[in-house]
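Same chain, two forms, each on its own as structure tokens: structure 1, then structure 2.
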Structure 1
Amino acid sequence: MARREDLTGRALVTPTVLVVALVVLLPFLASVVFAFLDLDVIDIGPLGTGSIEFTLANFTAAVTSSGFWSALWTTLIYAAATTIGSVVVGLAVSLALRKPFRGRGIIRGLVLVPYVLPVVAAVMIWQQLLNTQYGVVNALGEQFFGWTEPISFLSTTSQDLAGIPVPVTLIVVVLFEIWKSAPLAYLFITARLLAVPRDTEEAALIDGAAPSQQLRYVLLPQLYGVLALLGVLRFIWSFQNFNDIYLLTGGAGGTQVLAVRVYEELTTQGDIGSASALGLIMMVVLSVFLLIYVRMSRKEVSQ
């Protein structure tokens, strides 16, 4: 019986394992090999027929190429800022919508709009909002805030504001990502809030805890788990995000993140080797963060 169960179990997962192996694992291994080869897009045809020579040139070229370190830095800032932003906004919104009131159902539905909206549609709408000729943001700015000329929100690396250089476009892509991903954080936090036992909160209330103290000492400790999980997932997803930034700015205005660089290596440079090497470097950075998280969660368990 146990042996039959073993066989059936393996048979049932086989289709999934096959697909994942063929489309995820094997390509990843191939990418590791490509990273050590001098391989261009034009070579795709005779691939594997010529002599293969392993080289570290792709990595040294990637790390020493102009803009690599600034792209890595931009990626880290982008990932950290959107992670913190979307978790904080998600938390604030789910607390604000916690108590029932008239119309809450509709608002709860509306909150999810940015998350559900296809990314391409969302970007097109934002591009119109921020357009320099007819965008409503610039029109409002010129009419009511005395802007002398429209701000090109999607291609301004740095603009002085009261003497301080402000990375306008980077802020826009971060805000876009917070807007797009905070609803998911809101969903997870709301689901967790439903499971918070009422009696601890009531006890704190009877003991005379102010609302902010209740949040700090009663609610937040219950939410730490889900906040940490959200933080890690969001960081991983933001770190590798390509669509949103590529569609919004194409990497202009100081928003060239590593993912956009990989894409450009592959398509404009046609250099498979460097694109793979860059991708591997991304994986290494990501796995460092994953390891930190795993160690942190182990410590928490053992305490």
Structure 2
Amino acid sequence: MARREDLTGRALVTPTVLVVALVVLLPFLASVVFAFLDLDVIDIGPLGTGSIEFTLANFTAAVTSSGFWSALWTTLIYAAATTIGSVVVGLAVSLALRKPFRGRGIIRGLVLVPYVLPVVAAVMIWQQLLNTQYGVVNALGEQFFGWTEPISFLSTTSQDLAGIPVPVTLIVVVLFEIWKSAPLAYLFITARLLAVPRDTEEAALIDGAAPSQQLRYVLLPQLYGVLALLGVLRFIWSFQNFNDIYLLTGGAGGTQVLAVRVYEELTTQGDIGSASALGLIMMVVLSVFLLIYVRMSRKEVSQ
């Protein structure tokens, strides 16, 4: 009977295992192999008919290329800034909408709009707002802030502001990602806030604690676990983000992150080996944060 149940269980999970193997494992293993081959798109035809030589040249070329460290640095800045921004905005919105008031349900629904909006539609909205010819932002800037000429927000690498160089386009893609992902942070934090015992806050209020003291000594310790977990998860997602940046700027204006660089190596250069090597380097960096996430998830579950 036990053997039959065991076989039945194996038979039930077999389709899932096969799908995961075909969709996830095989492409991953292929990328690992390609990373160690000197392989271009034009070599796909005779692949398998000639001798295969494994080499580390792709990794050497990747880390010594002129734009690699710049792209890695941009990726880290982008991931860190969007992670901090989305978590802080999500926390602020959660606290602001915590207590009931008239119209709270409508505002809660509107807060989620950027997250459920298709990324293509969101990008089009921002491109229209920031357009140099008819965009609302440039029109307001020229009328109220004394701009002498429209700013090309989606292609300006740096512009001096009071003598300080400001990475305009990088700031725009960071703000876009914060706007798009903060609603998810809001959902995470709101779910945890609902579980915070009210009697602790009421006791702090009776003791004369100010709102800032309640936040610092009562709420934040309760939210520490979900904030840390959300931060690590958000960093992983931002580090490998491609769609938002590429659709918004195409990697122009100093926004070429590693994911965009992988795409360009594959489509523009046609170099499958270099693209795979860059992908593996990204995976190694992400593995560190993935291990942190797994450890934090286990700790959260055990609590």
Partner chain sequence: MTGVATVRKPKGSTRHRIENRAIPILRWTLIVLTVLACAGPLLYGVLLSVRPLTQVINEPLAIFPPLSELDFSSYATALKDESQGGFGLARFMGNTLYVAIGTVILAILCSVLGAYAAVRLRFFGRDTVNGMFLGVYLFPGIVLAVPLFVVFSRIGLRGELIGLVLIYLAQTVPVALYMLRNYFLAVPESIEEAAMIDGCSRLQVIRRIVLPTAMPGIISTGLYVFMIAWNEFLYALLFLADDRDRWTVSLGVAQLSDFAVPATVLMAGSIAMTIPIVIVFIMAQRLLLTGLTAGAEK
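Residues are numbered by position in structure 1's sequence, first residue being 1. Under this definition, the rigid core comprises the largest set of C-alpha atoms superposing within 1.5 Å between the forms. Bear in mind the structure is a predicted one, so any value in this text is a computation, not a measurement.
> Choose the one of the two that is the form predicted on its own.
That would be structure 2.
> Answer yes if the Cα of Val284 shifts by 2 angstroms or more between structure 1 and structure 2 on a rigid-core superposition, and no otherwise.
Shift of 2 Å or more: no.
> Cα of Val23 displaced 2 Å or more between structure 1 and structure 2, core superposed?
After core superposition, the C-alpha of Val23 moves less than 2 Å between structure 1 and structure 2.
> Could the core-superposed CA displacement of Arg10 between structure 1 and structure 2 be given in angstrom, to one decimal?
Core-aligned C-alpha shift comes out at 2.6 Å.
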